[in-house]
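First, one chain by itself: the form predicted alone, in structure tokens.
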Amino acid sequence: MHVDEVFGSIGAVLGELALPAPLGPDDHRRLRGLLDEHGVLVLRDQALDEAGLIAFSRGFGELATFHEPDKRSATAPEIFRISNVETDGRALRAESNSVADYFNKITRRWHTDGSYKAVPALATCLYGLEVPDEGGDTLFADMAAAYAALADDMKARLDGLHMVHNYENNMDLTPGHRPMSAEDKALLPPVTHPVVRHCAGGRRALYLSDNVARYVGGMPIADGRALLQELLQWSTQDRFVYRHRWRAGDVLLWDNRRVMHLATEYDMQRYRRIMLRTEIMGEEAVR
């Protein structure tokens, strides 16, 4: 495998890799090194089913299962299904489907997958089975580059600060969505992570998420929210962002330690979109 194209500080297209051909440990070590270097990897023209995506993803570590059953595959709990299409192939109206509405509200905000966990996600793998002809792009922000470009006084201000990440905050963004059960709340209590974390290559990166993060420890709520918004605006400038225009058959792998992302809008009444997602579990708590 080799790198065909590089986009700015993050994002690289890989060539000569046809899945679901089996990959050995050396192949995954090579891919992990490229992920550490580029933050986002793009594999074009792949043909996968759920089992193939799971096999590829497992080469990077243990896979998570999403705790809400209506958002995962009925046959493979490691697969998180992001779609406006029912499994029988019938297209859905966005307003009539709570799952589609959930993703429409949550994924349109800049976020980091799995930041609400005590040990957050290492990486995410997303496969575009069907994609719209227009819209539905995914934007990625290089949080290491954004941190490096901060003024020294802001870096000093952020040193030692922690932010509270709480999965239940997602519910505030989706009125009408079923509330978290007592079991889910016990499974996913609020957690705190440093505002600046370590990531691959000895870098430091901003660690933010606009859907589940709200508060900064030791600061008045309004001040913490203002700081979060200031950092979000800073880190999502065009100079830090790679925009991915999906093609059917694309597989994307990204490093959640370094990358924040969002999905752009598309016409859910006109276009079908079926994305299959896996989440590679983290290896250690944020530091």
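Because the structure is predicted, anything quoted here is derived from the model rather than measured. All residue numbers are counted from 1 along the displayed sequence.
Keep in mind that the form predicted together with N-oxalylglycine (OGA) is not shown, yet the notes after this line are about it.
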Stretch from 35-43, 235-243, 257-265, 54-62 whose residues place a heavy atom within 4.5 Å of N-oxalylglycine (OGA) in the predicted complex: 257-265
Candidate site 111, 138 and 273: all three near N-oxalylglycine (OGA) in the predicted complex by heavy atom within 4.5 Å: yes
Residue 107, heavy atom within 4.5 angstroms of N-oxalylglycine (OGA) in the predicted complex: yes
Any non-hydrogen atom of residue 126 within 4.5 angstroms of N-oxalylglycine (OGA) in the predicted complex: yes
Residue contact check: residue 82 to N-oxalylglycine (OGA) in the predicted complex, 4.5 Å heavy atom: yes
